[in-house]
Structure formats: C-alpha cells, structure tokens
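The form predicted on its own is given below as one chain in structure tokens.
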C-alpha cells in the first residue's frame, strides 16, 4: 500500500516538474531583455551577435529550444551558464550544499526556539507571561527575514563587532575539504575549530531565517497544545497527580506535534526560497545568491536549472512530510 502511494506521488511530482519547466521556459522568453545583448561588447557586429546566439542555441524556434533543453534535462544536462561558462548542473552542485546547510541550521534553531516558547506559553497560560509571549511572537511574525538580517548586522557587526559579515568560511581554512558540505564534513572529521569558524559565518543568516519560522511554529504549536490540554486523557493524567510540565511534555505534546510537523515541513521549502535575499545581504555563496545573479544577467540556462531545482526540493520535502506525518499518526497510516 505504501509503495502504491509513493509511486502515485512520484508520478504527480514528474507532472508538476514538467509544468514548472514549461512555465519557466515560456516566461523567460516573454519577459523583455536579451542575455546576448548583455554579454556582447557595444561595438560588436550583427555577425558576432548571431554567432553568439547560435552558440547558445538562442537562434532556434522556441519549440526547438524547449525540446533541446528538455532532452538535456532528462539526461542530466541542464546546459551551460551564459555568464559563468560552466555546466549548470556543476554550478548547482557547488552551491546547493551551502544553502542546504544554512536552511537546515535555520530549521533546527526555529524548531528549538519555537517549540520552547510554545511550551513556555502553554505553561503560563492565562497569565501576564502568556500575553508577553504572544506580543513578542507577533513582532517576530511581522518582521521579515531580511529586516532581521539588517538588524543583526547593526547589532553584531557595527555595534558589537563579534561576528563576520560575509562569506561561508575564512579563505585560509577553506582547504582540504572533500565535499561541499563544509559544516557536516568538519564535524564528522573532528575539525571543530573549522566548524566553529563556519558556524560564526552562519550565525546571523541562520538567525535571520529562523526567527520568522519560529514565530509560525509558536503560533500553531501553542494553539495545538492549548486544545490538547483540555482533552480527557490530559485531565485524567492531572487527576493522577502529574505535574504541569509533565502533562505538557508527555501527554499533550506528542498529540499536538502532528500539525506543527506538517506545517514546518512546508515552511522549510519556503525557508530555502527565503535564502535568496538573506544570502545576498551576507554574500553567502549559496543558490539564493546565485539566483539573484542569474536573474540580473538574464542567464536563461542557469535560471531554468535553479527553478527546476527549487521545484524538485519543494516536491521532495512535501512527500517526505506527508509520509512522516502518516507514519506518526496511526489513523493516517492505516488509511
């Protein structure tokens, strides 16, 4: 039964990616602007422009261009970046690990922070402390990630200069890695000083991304906990003499975490998309920063590869969340 569900979701994923491919290809050709005109020197002749268009296949009819691109995508060839002059797949493979590590760190911080605040708010329900938590959470929810990024720069770079502003790692330490997952590799190999340097570079962008997501988690989890605390099984445990903290953690939390897990998984995909502006502010070398450069330079192959990558991540995360929620919920699992 599970295999049938996975196969069905995989088929839907392929159809979704096909639709994304068509939309992004058409939109790029409709939006004004010629990438070749941005590359060529002002004194170039018409023959030079024609030759450059032919080199990148931009002189073919749109249907032919789309067919050539799709054939390449199916075989793993996303084309060559117009501005970087490198294979798009190789460029994405270089940049994706940095964004995944940043997004994963932000998710961990958001879950830890949001979960702790939600539990504290539940323990302090119907008190002044709950009102303070709700007010602070509303501020966290209202402020977007790039504003948090700028505020953190003012605090930890200008007012109290204790954190590095740009980059992923100090250049002198960026040697000897076998993968692009610098943080994970440095921890696994025991290079904790290097890991500390990486974390110091990640601290501000991680916190900027985590705070809005933490606010979303607080709002949903706190509401779910509030509903769970009036259920019969919690009331029975209270009669047995369970303390309030044990009631929340042992009885209410495990039944309230399902909706929060589902929302957090969906928000994780938006978290990766949100890295675009935050990575730009901190000059962080991930796919978010790369996406801005690609759009500015009208780099058709790179933009197309990035959009397909974002679409694939979104689909895979949603499938993973659905299966996880079903596995944790017996009613959904049997259904």
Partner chain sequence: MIPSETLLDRAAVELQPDTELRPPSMASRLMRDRKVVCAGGFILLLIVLALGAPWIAPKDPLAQNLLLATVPPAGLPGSEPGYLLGTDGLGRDVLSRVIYGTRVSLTVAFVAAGLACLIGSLLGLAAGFLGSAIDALISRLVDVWMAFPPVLLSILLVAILGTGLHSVITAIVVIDWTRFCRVVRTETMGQAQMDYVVAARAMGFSRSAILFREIFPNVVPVLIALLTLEMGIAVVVEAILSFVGLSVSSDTPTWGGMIAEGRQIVHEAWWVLAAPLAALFATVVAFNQVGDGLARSLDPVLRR
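Residue numbers count along the first chain shown, from 1. Definition used throughout: the rigid core is the maximal C-alpha set that superposes within 1.5 Å between two forms. Computed from a predicted structure; not experimentally measured.
Below, we turn to the form predicted together with the partner chain, even though it does not appear here.
- Put simply, of 150, 160, 236, 172 only one has a heavy atom within 4.5 Å of the partner chain in the predicted complex, and it is 150.
- Checked against the partner chain in the predicted complex, the residues 193, 188, 128, 142 give one hit for a heavy atom within 4.5 Å, which is 142.
- Residue contact check for residue 310: one or more of its heavy atoms lie within 4.5 Å of the partner chain in the predicted complex.
- Contact between residue 166 and the partner chain in the predicted complex is found at the 4.5 Å heavy atom cutoff.
- The partner chain in the predicted complex is approached by residue 24, whose closest heavy atom lies within 4.5 angstroms of it.
- Using a 4.5 angstroms limit between non-hydrogen atoms, residue 273 touches the partner chain in the predicted complex.
- Of the stretches 77-85, 132-140, 207-215, 179-187, only 132-140 has residues with a heavy atom within 4.5 Å of the partner chain in the predicted complex.
- Across the proposed site, 12, 154 and 296 without exception bring a heavy atom within 4.5 Å of the partner chain in the predicted complex.
- A displacement of less than 2 angstroms separates the C-alpha positions of residue 312 between this form and the one not shown, with the rigid core held in common.
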